[in-house]
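Next comes just one chain, in structure tokens: the form predicted alone.
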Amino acid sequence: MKIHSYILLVLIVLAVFLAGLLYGPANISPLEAAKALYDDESNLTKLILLEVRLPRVLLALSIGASLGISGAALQGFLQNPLAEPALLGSGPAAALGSVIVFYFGAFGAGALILPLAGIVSALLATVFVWFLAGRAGNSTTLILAGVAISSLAGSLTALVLNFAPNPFAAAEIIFWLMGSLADRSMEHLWVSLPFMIIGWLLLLSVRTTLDALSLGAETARSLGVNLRNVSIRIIFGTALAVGAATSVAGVIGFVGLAVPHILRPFVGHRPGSLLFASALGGAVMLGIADLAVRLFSVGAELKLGVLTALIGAPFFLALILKLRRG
């Protein structure tokens, strides 16, 4: 991918960021936004921009980047075009941790207890995947371990929902599992962003290794690649990025699957180059999706996870048909 293509993606991210700030149920012109921000006194426009839209837009971009880069890393490492972030169990585990907070009504401990519980659960699940996969850390054992942890986390989530103490708690759990960025604050961003950034750095650190792995595992070993070290970085990088994302936004699917496939031809099918491109592409996709649910929802706001699933499911089916033809 040439440098001007990356610059174009960055400019699109900036455009989505500005659009997310200015457009919504109440549109704000750029001139009104500038006046409100330079005004020393508090006003309604400034409140909407800084307290309502800014954290939501920043979370959408950072969560989209986390899902995009994680999907690209897993597809490159596992050599599986259908791999996506939930495969290693960090997303379902983060959802389980947050659901448990809903079940016990632990919000009295503070607004940040929900994302913190999700992040801790994702890290614990990652440790289990790492031990289950064994020292070899090859793709087959990682997939099996991830599927096992994902299934267990999903079953426990269903169990918690089944024994929800009242219908209101069950409704809260269901709505949260649908995925949304409504009513998120800067606190949610500050508690989750450091974990996501660490995850991004871990995943980017294996970009040259992923290019070597595209030649085959044996060839990569002959070039001095330590597959166990690579698997640890990808497992924990994905856990931190996706776990933190899921812990504040709920379950948002298909971004990590679709974005790498869309951008792969533009990077010459090089897995290492795809990482940064997918991070930018994921930010664009989720930023646009969040803007769409704010602009086009009638009555109750459409959940972000529902919209990405509606878009992603046909893409997934088209991808399967393409693989079958291949």
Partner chain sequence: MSEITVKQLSVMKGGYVKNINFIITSGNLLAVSGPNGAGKTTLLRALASLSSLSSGSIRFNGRELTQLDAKFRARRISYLPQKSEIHWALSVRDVVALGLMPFGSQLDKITPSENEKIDRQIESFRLEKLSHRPANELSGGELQRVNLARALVGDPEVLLADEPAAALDPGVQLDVMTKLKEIAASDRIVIFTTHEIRHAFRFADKALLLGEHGTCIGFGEPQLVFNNENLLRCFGIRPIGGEIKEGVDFERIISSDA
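Numbering follows the first chain given and starts at 1. What you are looking at is a predicted structure, and each value in this text was computed from that prediction instead of being measured.
In what follows, reference is made to the form predicted in complex with its partner chain, a form of this protein that is not presented.
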### Message
Considering non-hydrogen atoms and a 4.5 Å limit, does its partner chain approach residue 172 in the model of the complex?
### Response
no
### Query
Is residue 157 one of the residues lying within 4.5 Å of its partner chain in the model of the complex, judged by heavy atom distances?
no
### Query
So in the model of the complex, does residue 187 come within 4.5 Å of its partner chain, heavy atom to heavy atom?
no
### Message
If we define contact as a non-hydrogen atom of the residue within 4.5 angstroms of the partner, is residue 264 a contact of its partner chain in the model of the complex?
### Response
yes
### Summary
Within 4.5 Å of its partner chain in the model of the complex by heavy atoms, the stretch out of 117 to 125, 190 to 198, 140 to 148, 211 to 219 is 211 to 219
### Query
Given that its partner chain is left out here, which of 152, 225, 164, 100 has a heavy atom within 4.5 Å of it in the model of the complex?
225
#### Entry: Residues within stretch 237 to 275 having a non-hydrogen atom within 4.5 Å of its partner chain in the model of the complex
264, 268, 269, 270, 271, 273
